[in-house]
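Two forms, one chain: they're shown below as structure tokens, one block per form, named structure 1 and structure 2.
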Structure 1
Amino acid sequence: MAAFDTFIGLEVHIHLLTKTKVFCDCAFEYGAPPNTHVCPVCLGYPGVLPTVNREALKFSYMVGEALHCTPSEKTFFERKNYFYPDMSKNYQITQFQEPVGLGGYFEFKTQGKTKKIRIHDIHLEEDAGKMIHDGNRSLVDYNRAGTSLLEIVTEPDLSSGEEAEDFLQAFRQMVQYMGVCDGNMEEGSLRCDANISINKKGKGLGTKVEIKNMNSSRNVRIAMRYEQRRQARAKKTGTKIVQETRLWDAENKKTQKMRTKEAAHDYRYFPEPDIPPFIPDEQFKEAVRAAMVELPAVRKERMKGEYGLQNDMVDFLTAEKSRADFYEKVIASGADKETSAKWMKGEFTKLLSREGLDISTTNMTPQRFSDLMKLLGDGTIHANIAKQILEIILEEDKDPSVIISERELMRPAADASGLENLIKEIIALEPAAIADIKEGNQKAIGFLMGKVMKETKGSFDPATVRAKLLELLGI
């Protein structure tokens, strides 16, 4: 590909987390029985009167703010006309001439560098329904028809499938942080089409081809790689590249022709007569500003400086807003920054993953985790006990101090002398094990350690027990 430049622009569609659809009062519930969340408005019956969901507009302007777009002072909706097998009225209510936001940019990390991608526009529209193909018949579920859908159109500033994948992952994290979309590509709440062209070095844009049906950021990367190679072969052999829409076949890992690419005039846009223009007033603008949150990139830099953590640890903590919020509340309660981060990334995350739990819906509150880290830090408990308490909290919904008291997990007061006397007693009671150790059998040391840990109910750190045992054995 060294002889060619690659130009990739994305059309990212996100379902906004509104309680109802964009132009009617129907709820949207993923996985609901087919055609149970429908009404005359979203089915496009004659004579119906659509009304705009104000929350959808607020979320749209929030995304525009995050992407540094110029917000529209007067936005209106239009009808985009062509045959949709999964939209019964055969047009889509969308925005074309006056979208909610124009221009702007998005910065993200890719291949160790920061890249800035220009945003062409963002516009609010309704989603279509869903086709279900069953053998030799096709069924239509209209539950999704009319769902609030925001489309973000980038300029063709991406140059590889890897960059496209990194862009999507960073964008997904941003909208999840903002609470405007759950970012679930598997369920279709975040979807992406890509426009790609290649041309000889320095010759500018080539003939654009649109790729659809990519349901993961990984598939976007693989599809872009395939299309780069396909178009490069065409250039080298003198085959004409046609402006068209192609489908990504994930099973066979290749693109297939779907239809000739439409131009804007093919859609016969005209103003939606039933919806008046929207002019955001000062109250609406203030609501948008008040709803904005600290975005992931800004939060990473702040937390790195504030807590003195390494890049990989900050990346882990800020990967999800709920995790970053949890950590900062733990630190605000007085726990050690580094220890808390280490335990969150290690034992706590492993436990959550094993149990299939989410950090925001467990019995482990930031205060409980902070208390546990303090007990660990001041030597009241050791690491093995802390692991036990983690599990017990998730199971029994109790504070660490209550668990320690109920199960007598606190280290004995006369720790050093008490441990030494106990080990001496066990050594005296296990002459066979001592003989094995003298003959070089290391397993016997583990046997004696097990006896000590059992007698002390695990209240001593294993490393401390082993060191004292070897000292008394003269090893």
Structure 2
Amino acid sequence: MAAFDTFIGLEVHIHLLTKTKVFCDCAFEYGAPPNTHVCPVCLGYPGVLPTVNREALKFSYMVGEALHCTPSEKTFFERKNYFYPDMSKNYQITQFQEPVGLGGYFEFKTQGKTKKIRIHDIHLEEDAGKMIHDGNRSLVDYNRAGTSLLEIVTEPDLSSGEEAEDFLQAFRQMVQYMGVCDGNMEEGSLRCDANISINKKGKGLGTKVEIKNMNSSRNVRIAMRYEQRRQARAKKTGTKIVQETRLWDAENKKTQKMRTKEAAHDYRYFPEPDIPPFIPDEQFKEAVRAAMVELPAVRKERMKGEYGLQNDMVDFLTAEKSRADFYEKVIASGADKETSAKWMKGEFTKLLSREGLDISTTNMTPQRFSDLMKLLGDGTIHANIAKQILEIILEEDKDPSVIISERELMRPAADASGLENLIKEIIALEPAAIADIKEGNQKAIGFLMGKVMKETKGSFDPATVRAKLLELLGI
């Protein structure tokens, strides 16, 4: 590969998290029964008109801002004409001459360095429905037809599959942070096509090949690597590289020439007469600014400094905005930075993934988590109890202090006299075990420990129990 330069550009489509589709009032719900989220507008019935969703415009301008694009002062839509059954009007309403944002760049970390790639443009459009092939007939589900899609077109500034994957993950994290897209590539809410060309070092762009049908960032990486090798082999053997569209075959791990005649399409773009140009006014611009959030890269740096955390810990905490928000609220209510981070990454995350829960929607509020960390920190409870309380909060929706007082045996460690009395009682009831211990049988200590722990239902720290037991036994 060293003899060649590789140029990869991406076309990323994100489904905007708007409440309704981009040109009608239908909602979108992934996996809903076919044709249940449709209306005369998105079905392209005679006489209906599209009306552009302002929230979709707002989200689009927000992404433009995050990507340092020049925002359009007068953006308009156009019709892209082609016949396909999943497109109800047989034209797609998209943007061409005057998209919401032009130019711009995006910085992300890859292979330990910061890479900056240029953005060509971002444009808002409608998605198509879905064709389902069923034996010798084809069915169409229009649930997805007309949902808001923002397309981000990069310049061919990426030079490897790894970079493309890193870009996608960083970009995905950013749009999730902004709340404009859920970033789910499996469900198709973030999709990516690529164009790739290689050429002898220093010779500039080669003949570009478009690659479609890669449904995960991992597949983008593998497909790019495959295509790099395929093209390099062609160069070496003197085979001409054809400008074409190829499909990624994830099963056989290779790209294949697309069979359709789509290549030579003349889309006959012209301005959409049903939607007037959109001119963002001050109020709109202000709403866009107000909705902007601290982006992941910036937040990571800030949190690293502010909380004195290690790289991998801050990476974990900022991986999702909801997680970073949760952590910062916990710290704001006075819990220890390191303990809280450790517990969030450890027990809490384990529990959330076991139960399949989302951090932002459980009974565990940052306040409760913070209280729990404080109880742990001042020695009121020990780690085992904290784990139990964590689980109980998720199930019962109660504050940690309430749980402790409700469960009698979950006595605070401070109740040391209670523990002493209990151990004395047990010693009196088990003379045989005491005799064994006096003869040097260490196992009998474990037996007594077990008795105490059972009686106290584990509410005391085992180390405390052991120390007390040995003390009372005079060992």
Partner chain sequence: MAIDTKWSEILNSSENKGAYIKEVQDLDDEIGAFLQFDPDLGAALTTGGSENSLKGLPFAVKDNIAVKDFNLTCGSKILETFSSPYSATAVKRLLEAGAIPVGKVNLDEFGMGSATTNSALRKTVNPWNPDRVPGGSSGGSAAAVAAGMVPFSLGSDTGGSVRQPANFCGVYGLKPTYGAVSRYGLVAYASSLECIGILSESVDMMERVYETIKGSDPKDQTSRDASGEIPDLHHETMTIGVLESTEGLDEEVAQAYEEAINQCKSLGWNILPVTIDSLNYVVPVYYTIAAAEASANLARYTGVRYGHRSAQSTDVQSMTRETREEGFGSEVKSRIILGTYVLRSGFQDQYYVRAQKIRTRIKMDLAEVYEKVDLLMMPVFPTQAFPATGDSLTPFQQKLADRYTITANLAGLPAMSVPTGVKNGLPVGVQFMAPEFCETHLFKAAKAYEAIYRPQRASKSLHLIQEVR
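Note that the rigid core is defined as the largest set of C-alphas that superpose within 1.5 Å between two forms. None of the values given here were measured: they were computed from a predicted structure. The first residue in the sequence of structure 1 is number 1, and each one after it adds one.
S.K.: Look at both copies of the chain and name the one that is the form predicted on its own.
M.R.: Structure 1 is the one predicted on its own.
S.K.: Superposing on the rigid core, does the Cα of Arg54 end up 2 Å or more away between the two structures?
M.R.: Arg54: C-alpha displaced by less than 2 Å between the two structures.
S.K.: Superpose the two forms on their rigid core, then report whether the C-alpha of Gly103 is displaced by 2 angstroms or more between the two structures.
M.R.: No; that C-alpha moves by less than 2 Å between the two structures.
S.K.: Indicate whether Leu448 shows a C-alpha shift of 2 Å or more between the two structures, with the rigid core used for the fit.
M.R.: After core superposition, the C-alpha of Leu448 moves 2 Å or more between the two structures.
S.K.: Could you state, for a rigid core superposition, the Cα shift of Leu43 between the two structures in Å?
M.R.: Value for Leu43 between the two structures: 2.3 Å of C-alpha shift.
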